[in-house]
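What follows is a single chain, given as structure tokens, in the form predicted alone.
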């Protein structure tokens, strides 16, 4: 586990982020995957299922995920929409070239006309012709705590989203359905905020040094010991940036002659870290254990390309919750495969730590597994803990090695002391070490909010993706014109949402992504659901052809226990 990278370039294998979605099948058919039920195989004869039937003997409770197929007519109309936008884009580029339409984009200076272009105009085709049409849905400035409700700075554009001007007005009390504030710790009052203020008075805000020089504070060591205890591992290490925790810690662990097996939906930070390592990278289908096992068998049978020598090491890289799909990794099966084929496992729990499991300890806790079965446990503090940074947990030998070889440890400034204190305080609340039941209550509230929100959206007739227990809820929009329209209409109703389209998703699978929080009350969720239903009717987004269950007017008895 301690071989450093010998090269920073890929040796022949390109790490491509393949299309995230499933092939469009017959209209309205659903892929529903539960470990105690045989999946319904409604698909074309030539279409392969993205998820094989799981091994139910490895699971201690039902594990259900559903991905309803894109209706064929919707898929065709979506392709047509992008085609029309592309044609108009080329036409507008023609008008800009002849100065008929004003050009707002950056371009090379006349003095550099003989230089090799720093960037190609075609690379920005999507940005200037498609993204700019709906750019007002992103980068909205907020001027409050990003809690269950936020205040938005009102802005207007006079040149079709190329630039924005603030009006000086503030849109108050917008229900926040987009932030990763799973446990509601993004707040400016309470025990966590008070402790962070006291730490700021004691330590200041900045450290102005790296951990290995003079930036190693006692609060950093306290944090790492607490994280190791929380995860149930021997040791841990904290970093100031979540993205760099992945991108800068995979390269020291693998290098030339090593093989990385990466899920096709892994985050960009994992993809970048794998590329920087210089390892050979192969991608398996999302959450598909047959695809992963085939790559493992081939890797062991054939070895390295050309020489056929055995791989120095094989590293499987997966996430706990996939942030665009709302799906949960089939961790029991991944661990079984990694043990069978003697591979290492790197688990990214950025979205699952704090949000899953009876004790909030992530996907390992959710499945009731032994943390020692995961070789490298990674996670971030930016979501459930309401802070910043990330961690790596595992055996003491692994952490000691990373302290000496991780670029993020050697060259990055230490974590800000009040941020470290925010993590410590929130983690102790989750663990119940603050002497209260607040942590347990928030974990239960998040679970109930997730179940309620997902159930109501299905009853309304929307197509939603992911696992039933995932607080990340993607609602499918499909058509490009509906991406911007959905975000704008929701904001008119005082609901803040995140909309996502191509190239972040497959071209026919644009979506709105909701993140459920324990800070959301029943009234907030009901208000958001009413607005979603209204906009769904307005934009004709209720594509689902599943048989709808009888709608219940409120929460179930179990869901209402905490409310009472």
Partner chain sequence: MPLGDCWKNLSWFYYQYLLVTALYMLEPWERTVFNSLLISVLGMAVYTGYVFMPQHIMAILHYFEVVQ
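Positions refer to the first chain, counted from 1. It should be emphasised that the depicted structure is a prediction, and the values quoted were computed from it without experimental measurement.
Below: the form predicted together with its partner chain, not depicted.
The shortest heavy atom separation between residue 539 and its partner chain in the model of the complex is within 4.5 Å.
A residue is said to contact a partner when one of its heavy atoms sits within 4.5 Å of a partner heavy atom; residue 481 meets this definition for its partner chain in the model of the complex. In the model of the complex, its partner chain lies within 4.5 Å of some heavy atom of residue 160.
Although the partner is absent here, residue 94 is not a contact residue: none of its heavy atoms lies within 4.5 angstroms of its partner chain in the model of the complex.
The stretch from 286-294, 373-381, 74-82, 302-310 that comes within 4.5 Å of its partner chain in the model of the complex, counting heavy atoms only, is 74-82. For the candidate set 407, 102, 488, 339, a heavy atom within 4.5 Å of its partner chain in the model of the complex is found for exactly one residue, namely 488. Note on contacts: among 130, 431, 171, 276, the single residue with a heavy atom within 4.5 Å of its partner chain in the model of the complex is 130.
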